[in-house]
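First comes one chain, alone, set out as structure tokens in the form predicted on its own.
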Amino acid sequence: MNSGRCAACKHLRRRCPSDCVFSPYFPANNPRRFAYVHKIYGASNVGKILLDLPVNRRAEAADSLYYEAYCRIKDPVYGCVGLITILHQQIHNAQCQLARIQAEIGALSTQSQSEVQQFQQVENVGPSFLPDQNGVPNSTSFYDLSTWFD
């Protein structure tokens, strides 16, 4: 017999045998953990579930049962599915925001490239307005600035 009873045996008001299936997963220092699981699934069903599993998977199962029971008590209609739905919506919103920002980055990148090209064109056109070797202003080339004012 264990020196103390596990949370399950205390909740069920029974003696805790040395081979208690609940004691490794429902310690005495956390009685609410078993209370939630018991309220949703019942002690007999939880015991059967744990006994049907290999020993190395029982801790995961107990954690999962506790989490699902906790969510069901907090949200009786949707349980953990409600939380999963909220998380999916947050992921979708983040993906939409990321796509929007990537599109803005692409647009700004294209805009800056076109501005660099226009600046290079202005530099190439600029010297033609200067006087030629004879001192006569060169007015044969004209740069169209209307594209700057779209």
Partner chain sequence: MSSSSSYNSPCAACKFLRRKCIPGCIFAPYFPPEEPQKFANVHKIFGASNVTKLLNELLPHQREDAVNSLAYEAEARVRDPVYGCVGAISFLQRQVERLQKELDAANADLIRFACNDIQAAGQLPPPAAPQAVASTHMVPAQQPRPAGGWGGRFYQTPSFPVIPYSSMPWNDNYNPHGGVDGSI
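Quantities reported herein were computed from a predicted structural model and do not represent experimental measurements. Numbering follows the first chain given and starts at 1.
Same protein, other form: the form predicted together with the partner chain, not shown, and the subject of what follows.
Contact annotation for Ile49: at least one heavy atom lies within 4.5 Å of the partner chain in the model of the complex. Of the heavy atoms in Gln111, some are within 4.5 Å of the partner chain in the model of the complex. Proximity of Gln117 to the partner chain in the model of the complex falls outside the 4.5 Å heavy atom cutoff. At least one heavy atom of Ile40 is located within 4.5 Å of the partner chain in the model of the complex. Taking the partner chain as it sits in the model of the complex, the stretch 36-65 comes within 4.5 angstroms of it through a non-hydrogen atom at Tyr36, Lys39, Ile40, Tyr41, Gly42, Asn45, Ile49, Leu53, Arg57, Ala59, Glu60, Ala61, Asp63, Ser64, Leu65.
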